[in-house]
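The chain below stands alone and is given as structure tokens, in the form predicted alone.
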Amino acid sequence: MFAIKPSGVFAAALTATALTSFGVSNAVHAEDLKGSVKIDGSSTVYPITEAVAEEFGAEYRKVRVTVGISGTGGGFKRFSTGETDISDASRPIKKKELDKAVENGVEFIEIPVAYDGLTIVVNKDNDFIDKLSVDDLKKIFLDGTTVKTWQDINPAWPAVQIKLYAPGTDSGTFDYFKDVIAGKTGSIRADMSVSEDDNVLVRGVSGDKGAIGFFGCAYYFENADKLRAVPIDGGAGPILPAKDTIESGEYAPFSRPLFIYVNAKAVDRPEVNAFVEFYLEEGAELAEEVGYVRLPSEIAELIKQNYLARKTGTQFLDENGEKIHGPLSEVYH
């Protein structure tokens, strides 16, 4: 149910045939192709999808692509009822979202598109924080904490009040951070300034010396002149988010894959199929251009094959609906 795969000879034949024409048949008719592609979801994935949409629009001028940013959870709410064709997601689909999609007859193709490093940032003028451990983050962000100033974390630091900025609760980035910091049973404190728009968080942290926040690495890289990333010690020493540390998983526990989810029926429409094929061909380079990390070539090729074979379902939930954890190279097949 969770990962439906075409069987045997049919899958091999379909993949072999489709690979020979991938990204070609649609390009021939680019000037004539019409229609629309509706996308919504993660603000983290938005820069990649928006870049793809702009490049696609330059070639397929009669196709209208709209990209919203209601957050991963908000995007899945629309996607699971068939309202959108594609959902941007900064985390895998949850069981309750999958159940809603099944209830509404929405089958989907799960497509990883890049790696991200969820980045912990502080104000540029904050010159006293040299690193934070996961335990430090728990002291700062968990509900019920008594921490109010930076001195409460480290006696050598000044008694500057901590101001927290975070993505909204519909955000996959918030969900991912909560899973790491609070686990299944804990909760994150409510007295934070939240927004689904990461640019609002950038402005908040950059305007308050005592601030701390988190979002996808692309927003940090774009605003490195205004913010400072904090090295995170996940048990192997303090590590900064960078291309090599994110791809290798060394930037633990905050390295993660990003996704698009594609309505399986929608790809029967030539304009949607053309957009997804374009995404798979050009997305890796564009992901790097906007500040994320491209997937290894062997994983990227497998993703193309799975799309061409129309492999539906999720590979990040087991048969009982429990999350499957591990590197993308081990989970995705």
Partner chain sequence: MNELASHPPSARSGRFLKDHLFVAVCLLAAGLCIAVLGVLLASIITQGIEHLDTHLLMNPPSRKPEKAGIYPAMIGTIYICLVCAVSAIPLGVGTAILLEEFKPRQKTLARLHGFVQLNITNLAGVPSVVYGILGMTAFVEVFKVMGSPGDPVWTLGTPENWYYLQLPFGRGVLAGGLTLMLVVLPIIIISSQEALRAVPNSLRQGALALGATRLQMVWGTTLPAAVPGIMTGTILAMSRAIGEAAPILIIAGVVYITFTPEHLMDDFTAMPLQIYDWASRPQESFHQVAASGIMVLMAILLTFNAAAVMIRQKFQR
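Residue numbers count along the first chain shown, from 1. From a predicted model like this one, the values you see are computed outputs, not experimental measurements.
Although not depicted, the form predicted in complex with its partner chain is the subject of the following passage.
- Between 96 to 104, 195 to 203, 229 to 237, 129 to 137, the stretch whose residues reach within 4.5 angstroms of its partner chain in the model of the complex through a non-hydrogen atom is 195 to 203.
- For the residues Leu308, Val65, Leu295, Leu33, the 4.5 Å heavy atom test against its partner chain in the model of the complex is passed only by Val65.
- Though its partner chain is absent from this view, in the model of the complex it lies within 4.5 Å of a heavy atom of just one residue from Asp179, Glu222, Asp152, Glu247, which is Glu222.
- Heavy atoms of Lys38 reach within 4.5 Å of its partner chain in the model of the complex, making it an interface residue.
- Among heavy atoms of Tyr46, some come within 4.5 Å of its partner chain in the model of the complex.
- Taking the partner from elsewhere, Lys243 is found to have every heavy atom lying beyond 4.5 Å of its partner chain in the model of the complex.
- For the chain shown alone, Glu289 is a contact residue for its partner chain in the model of the complex, at least one non-hydrogen atom being within 4.5 angstroms.
- Every member of the trio Glu54, Arg78 and Glu83 reaches its partner chain in the model of the complex with some non-hydrogen atom inside 4.5 Å.
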